[in-house]
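Before any questions on how it binds or moves, here is one chain, the form predicted on its own, in structure tokens.
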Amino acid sequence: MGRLQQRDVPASRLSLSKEDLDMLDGIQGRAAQQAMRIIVRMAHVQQATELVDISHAHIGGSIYTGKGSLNVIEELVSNGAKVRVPTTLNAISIDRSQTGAWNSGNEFDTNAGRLATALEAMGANPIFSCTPYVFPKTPQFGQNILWAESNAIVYANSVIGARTNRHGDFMDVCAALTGRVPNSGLHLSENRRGTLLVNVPGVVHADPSYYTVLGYLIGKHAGTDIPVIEGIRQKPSLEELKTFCATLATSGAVGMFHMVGVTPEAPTLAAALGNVAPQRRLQVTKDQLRQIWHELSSASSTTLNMVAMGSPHATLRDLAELGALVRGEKKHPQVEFLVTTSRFVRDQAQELGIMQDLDAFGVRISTDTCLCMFNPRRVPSDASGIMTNSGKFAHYGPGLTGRGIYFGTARDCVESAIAGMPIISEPEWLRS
């Protein structure tokens, strides 16, 4: 019986390094052995012939989904689990910086806190954010990484040019503990060329809502294809790319896109397609974009009790632009205005004085958690209408909260919060 078979690993053409084999033998600890067994099993499933080193990991399994996931992580910690590469933690299920409604002391909140604490004990950096790309020391172009969280995966592959696949929970933890992943999927250059050519109409006054709607539309058509977007005339901002990545990965199983003249692996259309004709084409029209714009609103009441922004997490520029919109105004007393972000961004906003305008308007900033970790009990009991500028939350919100969601621009959200009722108008890029 061969060495791999003795380790209860199926025989295959998978080549393992001496350090990989040492981890399988338990020489580097029980936790590393458990993690490497999973990595190797997944490599066989993905028909990989080797494992590769990663430079970074971002753990999405920080979200509490039940005692089973908590037990696994705490067992790994008890077995000596320590991360081998710089590792960050995604948003969690509670805001540990607050008490009261967000930390009620019930079993769910207690277990969510235990999960975060266990991951920190492994050596993971508790940034508790779904936008790890706004933090210092991000991955570099061409590096192999394993990032979880769908928008971060798409952003890393497409905007940074790092290499990661979409994985299920626990693969992120296992990769962090071993520093290794199967060399498959989007880690391989031949799998990163575009397969769906998307032509978009020229628009003027594009804003984040345009990229939100465009991403959602393309994701619905793309499935698992890699879209190549042609026709973007002005380089999008980080925030616009963030919203595009979020909805692209929400409505489809997309792990990567190319935007000609914008993303690093698409200096030209030919480069993005790998000098091969696209397998499919999509011609986007303004009518299609208008349909998605209206489709993202699922609420039908005329009341508004809550505005929720920050999915994915609000950036410093998001908060600055919101501060400019609310300056000198006050929200309606019946409307709660919630923005989720990271402590890193909140502290920057505080230092720059941005929080003064937000506080005066009545914005409540929540950190650590995110809108898509919403629990129905954390929504005001009388809330019959919730408004957002997040396409991701507009998609998941009805199921998460049991309420309909209004979708609009950031300006719509502010004007609606002031009026105490939904005020939504088609953005200028749709009207022009």
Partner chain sequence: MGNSPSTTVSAQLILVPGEARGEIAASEQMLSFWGGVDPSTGIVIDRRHPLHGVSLAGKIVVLPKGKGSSTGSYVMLDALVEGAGPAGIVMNKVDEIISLGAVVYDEFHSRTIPVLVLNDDDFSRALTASYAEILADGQVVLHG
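Residue numbers count along the first chain shown, from 1. Because the structure is a prediction, the values reported are computed rather than measured.
This next part talks about the form predicted together with the partner chain, which is not shown.
Q: Is there a heavy atom of Ile63 no more than 4.5 Å from a heavy atom of the partner chain in the predicted bound form?
A: Ile63: contacts the partner chain in the predicted bound form.
Q: In the predicted bound form, is there a heavy atom of the partner chain that lies within 4.5 Å of any heavy atom of Phe170, even though the partner is absent here?
A: Yes, Phe170 is a contact residue.
Q: Is Leu76 close enough to touch the partner chain in the predicted bound form, meaning at least one heavy atom pair within 4.5 Å?
A: Leu76 belongs to the contact set for the partner chain.
Q: Although the partner chain is absent from this view, report whether Gln46 comes within 4.5 Å of it in the predicted bound form, heavy atoms only.
A: Contact with the partner chain, yes.
Q: Going by heavy atom distances of 4.5 angstroms or less, which of Arg166, Arg192, Lys331, Arg96 would be at the interface with the partner chain in the predicted bound form?
A: Spelling it out, the residue with a heavy atom inside the cut-off is Arg166.
Q: Can you work out which of Leu400, Ala383, Val363, Ile405 has a heavy atom no more than 4.5 Å from the partner chain in the predicted bound form?
A: The option sitting close enough to the partner is Leu400.
Q: Spot the stretch among 275 to 283, 67 to 75, 205 to 213, 320 to 328 with residues whose non-hydrogen atoms come within 4.5 Å of the partner chain in the predicted bound form.
A: Partner-contacting stretch among the options: 67 to 75.
Q: So which residues in 348 to 368, when you check the partner chain in the predicted bound form, have a heavy atom no farther than 4.5 Å from it?
A: Nothing in this stretch is in contact.
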